[in-house]
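Two forms of a single protein chain come next, each set out by itself as structure tokens; they are called structure 1 and structure 2.
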Structure 1
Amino acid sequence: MSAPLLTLDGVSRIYRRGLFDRTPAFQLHVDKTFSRPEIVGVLGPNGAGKTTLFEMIAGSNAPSKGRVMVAGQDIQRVRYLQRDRLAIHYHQSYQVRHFTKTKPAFVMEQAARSYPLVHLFDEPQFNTQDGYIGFMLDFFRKLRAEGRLVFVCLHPTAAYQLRILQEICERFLFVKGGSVTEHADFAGLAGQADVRQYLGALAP
């Protein structure tokens, strides 16, 4: 039996106030498994931890606790230059995020794959010119059809961005207050009081 595409196994990221003051300033906790190809929408307020979550999945930010497993490999054990063969993080204008090296690559595992299984789109810029949005949606669907797990994170500022998520996403994650909650569809997501507060005037 093959391993899930992505497992967030008791993952936490804790930022502390300082070298001597170890009081947590920010904490993010998530424990979830993604077994099949799908397109997942991610929303949440600024500073909630969405980018931190994506960085941990892609291996550029090490969890304080827990493991990020991509197709059975702990991404923190994989060689730095090969991590994007498992998961790749596109930040805003599709710039790939980088990582800090903490140990020599030769003591680490090689990636078992040559093309990323997990694609993380962090606030992609949807140009409203003719055809561009359709092109991007087709691209996300193509990745899914090829067996990839696709995350699309948006901080909606316009109603059309919510319509994009409604159209392509099969489930949703809402990141707030250090926790990640899962919703099976957009109606379930939008029905939550904290989500409606976050969306404000954009709430359906």
Structure 2
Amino acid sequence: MSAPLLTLDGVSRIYRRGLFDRTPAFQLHVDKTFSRPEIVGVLGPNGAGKTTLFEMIAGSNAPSKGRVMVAGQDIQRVRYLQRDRLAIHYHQSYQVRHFTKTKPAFVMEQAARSYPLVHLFDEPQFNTQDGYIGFMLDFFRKLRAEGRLVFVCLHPTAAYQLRILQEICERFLFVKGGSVTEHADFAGLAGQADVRQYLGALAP
């Protein structure tokens, strides 16, 4: 009946070295569907493309190929100021990238919703001193219980951050070397050789 919450339909983002040197400097390929509300953990080294992935889902960064569909709407065809009614990117502090907006609003679609369906938390500040972590985790759970899809992206630097992901996430994405691999649970994620190498001393 209804369209999946989120479909990344053959999505690629490629940055080339320059106008004449067309060798890719960065690339990311992803093809996945998220049909049910859940909390998804996103891990990967710096520069692997975690934020680029979030930007494409939120519609601020257009894919080089493929389509991002949120609840059946192609996010690139929705009016710029209404895209966060479908998918909202909670930026990492000081890391908001602005992209050119070229189309006038009247040629584009309206968002079919008034409250975001996909919530993308980009490296939320989990500070163990102030005690807000618990409320943040409860909020992620509340969003999921309300039928939303929640992504939490983290580049863990301490063991407790892994514990947080293990506690709340039902599925994991590992972004590295231009591709996104999926793991059904934390044990599956932590069992992978490349993930263990990435986690280093933090690997459980």
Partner chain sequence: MALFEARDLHLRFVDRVVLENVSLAFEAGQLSGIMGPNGAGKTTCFNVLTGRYKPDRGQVLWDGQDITGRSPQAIARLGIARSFQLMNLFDEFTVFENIAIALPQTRARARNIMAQAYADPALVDEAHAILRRVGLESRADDPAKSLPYGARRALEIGVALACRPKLLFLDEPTAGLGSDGRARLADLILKLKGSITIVIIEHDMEFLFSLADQISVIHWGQVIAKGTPAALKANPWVEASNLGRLN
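Heads up, when I say rigid core I mean the largest set of C-alphas that superpose within 1.5 Å between the two forms. Numbers follow structure 1, counted from its first residue as 1. Bear in mind the structure is a predicted one, so any value in this text is a computation, not a measurement.
Taken from the structure described as the form predicted together with the partner chain is structure 2, whereas structure 1 is drawn from elsewhere.
Positional change of residue 114 between the two structures stays under 2 Å at the C-alpha, relative to the superposed core.
Superposing the two forms on their core, we find that the Cα atom of residue 129 is displaced by 2.9 Å between the two structures.
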